[in-house]
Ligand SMILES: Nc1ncnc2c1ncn2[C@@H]1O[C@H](COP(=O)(O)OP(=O)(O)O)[C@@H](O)[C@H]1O
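Shown next as structure tokens: one chain only, the form predicted on its own.
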């Protein structure tokens, strides 16, 4: 399902020198498999997710998702592929401020496939405990509620791969397990591969597969 081969990524520093962030000989996740990615702050976890999603281009190597080699895509092709086949839960939510919670989920559907399934959007928002907040815009929601909208939006199109960057970090304690269960149960029901980044040991220990980025990233740089 997801297969990285010889992926390298560096960033240019202010003095013009190159700072290596990723140097990954191989990383793979099978269809429907759930993996949690852990590592010290700054070891490149978010950069890796961005490279997998095509948000940031790898300097070298191959990123293959669902039999598509996305490193060969143009930027526009990457955007379309991500919308149709990849769900992404960002740390910073990236919700559209002028639209309600329901509209944010519906817009993601329209962008990916040109139509919206209002029943699925409502179901997902209900499952994250926002049945009474569907018409609220982000500014009217708490930080934790905004994160839950972001989770519902990421699952909206039935992706083949879900990437989640600290999805419970900004959710209040009472809803953290609810959000995690929603992500894992939906991925299991729909055979979606999951790569979830977390700093929380209580989250990581719920997964059978735990990958430590520093063990397979040869760059070892602070990102």
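Numbering follows the first chain given and starts at 1. Computed from a predicted model, the values in this text were never measured in an experiment.
The next section is about a form of this same protein that is not shown, the form predicted together with the ligand.
Colleague: Among 203, 206 and 209, does every residue place a heavy atom within 4.5 Å of the ligand in the predicted bound form?
Modeller: No: no residue has a heavy atom within 4.5 Å of the partner.
Colleague: Exactly one residue in 46, 34, 178, 157 has a non-hydrogen atom within 4.5 Å of the ligand in the predicted bound form; which is it?
Modeller: Looking at 46, 34, 178, 157 one by one, just 46 meets the 4.5 Å heavy-atom criterion.
Colleague: State the residue from 62, 57, 40, 28 whose non-hydrogen atoms include one within 4.5 Å of the ligand in the predicted bound form.
Modeller: Exactly one listed residue reaches within 4.5 Å, namely 40.
Colleague: Only one of 187 to 195, 169 to 177, 46 to 54, 63 to 71 has heavy atoms within 4.5 Å of the ligand in the predicted bound form; I'd like to know which.
Modeller: Residues of 46 to 54 come within 4.5 Å of the partner.
Colleague: For the stretch 17 to 32, I need every residue with any heavy atom inside 4.5 Å of the ligand in the predicted bound form, listed N to C.
Modeller: Residue within 4.5 Å: 21, and no other.
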